[in-house]
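Shown below, as structure tokens, is a lone chain in the form predicted on its own; questions about how it binds or moves come after it.
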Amino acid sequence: MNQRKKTIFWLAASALFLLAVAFLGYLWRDEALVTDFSRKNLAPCLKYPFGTDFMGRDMFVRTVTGLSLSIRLGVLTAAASAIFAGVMGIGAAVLGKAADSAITFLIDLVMGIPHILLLVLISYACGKGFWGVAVGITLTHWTSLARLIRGEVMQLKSSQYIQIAAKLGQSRLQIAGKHMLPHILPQFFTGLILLFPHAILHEASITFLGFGLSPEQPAIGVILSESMRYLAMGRWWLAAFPGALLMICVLLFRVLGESVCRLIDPGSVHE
């Protein structure tokens, strides 16, 4: 199997796994809330692969549902962050020196504040919950991609064909849309996919700290936060399996991003 076929295989396998988790989690969203005290604190077995918790809830169903919620939130916030980064990156380079200075200052300001602290503050200010977390992640994850896009556009501005287009009377908006946008699309899509794992991990982190999703929702952060109280009692499965599945999901998003990067530019990712 050559490198291109291997890349396509991993791309397809990762995408199918993540889609399956998202679909099953949506399908099981009601079942994840079902309690049955007759089966509480059961260790992992064939019927309950991840065991059950202190309320008799099936931890496998609950974990898959939580990951599904994280994936949907990750897709939403990564897309919003990437679009915001694209607008800021192109705007900084084509709207003139004043806009470039303002946007560059904003990028440096956001990147200069501890990431998790800014995310917690924004999420809390927006009322926490799904939309509070979504706004917080969107407004804190755009800076690195915006800086990358700005650098690409600044290089394009100095190229000969861009200067010729400007001398022929094309506006800055026309130059950005016709000549610059096609060149930055590969970086945009790769950055978009690589934003997913960051969004998922940060959602789980602030939910674990109590500043994210509602405790009533079967989110991974909620599951891990609840499980900490029972580790000393030997109920390791409450944290081990959800944490492992979260890491697998994050790593698969990384594989997706690197696979897309290899397909777009084979020399951009080294083995």
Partner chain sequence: MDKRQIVRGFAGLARVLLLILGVSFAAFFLLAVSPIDPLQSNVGQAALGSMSQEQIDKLREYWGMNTPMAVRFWNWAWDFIRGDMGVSLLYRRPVAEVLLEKTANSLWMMAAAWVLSGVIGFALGVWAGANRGKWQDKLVTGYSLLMASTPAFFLALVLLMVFSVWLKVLPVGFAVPVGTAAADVTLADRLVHGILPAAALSLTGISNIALQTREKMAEVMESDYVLFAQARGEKKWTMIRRHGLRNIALPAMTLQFASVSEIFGGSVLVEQVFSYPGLGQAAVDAGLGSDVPLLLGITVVSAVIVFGGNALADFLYGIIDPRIRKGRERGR
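A quick note: this is a predicted structure, and the numbers were derived from the prediction, not measured. Residue numbers count along the first chain shown, from 1.
The protein also exists as the form predicted together with the partner chain; that form is not presented, and the subsequent description refers to it.
> Using a 4.5 Å heavy atom cut-off, which of 103-111, 185-193, 73-81, 162-170 contacts the partner chain in the predicted complex?
In the other structure, the partner sits against 103-111.
> Within 4.5 Å of the partner chain in the predicted complex, heavy atoms considered, which of 181, 154, 126, 99?
It is 126 that has a heavy atom within 4.5 Å of the partner.
> Would you mind picking the one in 148, 95, 122, 87 that has a heavy atom within 4.5 Å of the partner chain in the predicted complex?
Exactly one residue meets the criterion: 122.
> So in the predicted complex, does any heavy atom of residue 56 sit within 4.5 Å of the partner chain?
Answer no; every heavy atom of residue 56 is more than 4.5 Å from the partner chain in the predicted complex.
> Classify residue 48 as contacting or not contacting the partner chain in the predicted complex by the rule of any non-hydrogen atom within 4.5 angstroms, answering yes or no.
No, residue 48 sits far enough from the partner chain in the predicted complex that none of its heavy atoms falls within 4.5 Å.
> With the cut-off set at 4.5 Å between non-hydrogen atoms, does residue 204 touch the partner chain in the predicted complex?
Answer yes; at least one heavy atom of residue 204 falls within 4.5 Å of the partner chain in the predicted complex.
> Please check if residue 34 has a heavy atom lying within 4.5 Å of any heavy atom of the partner chain in the predicted complex.
No, no contact at 4.5 Å.
> Hey, with the partner chain in the predicted complex, do 6, 15 and 64 all fall inside the 4.5 Å heavy atom range?
Negative, none of the three is within 4.5 Å.
> Relative to the partner chain in the predicted complex, which residues of 196-218 have a heavy atom no more than 4.5 Å away?
Contacts from 196-218: 201, 204, 205, 208, 209, 210, 211.
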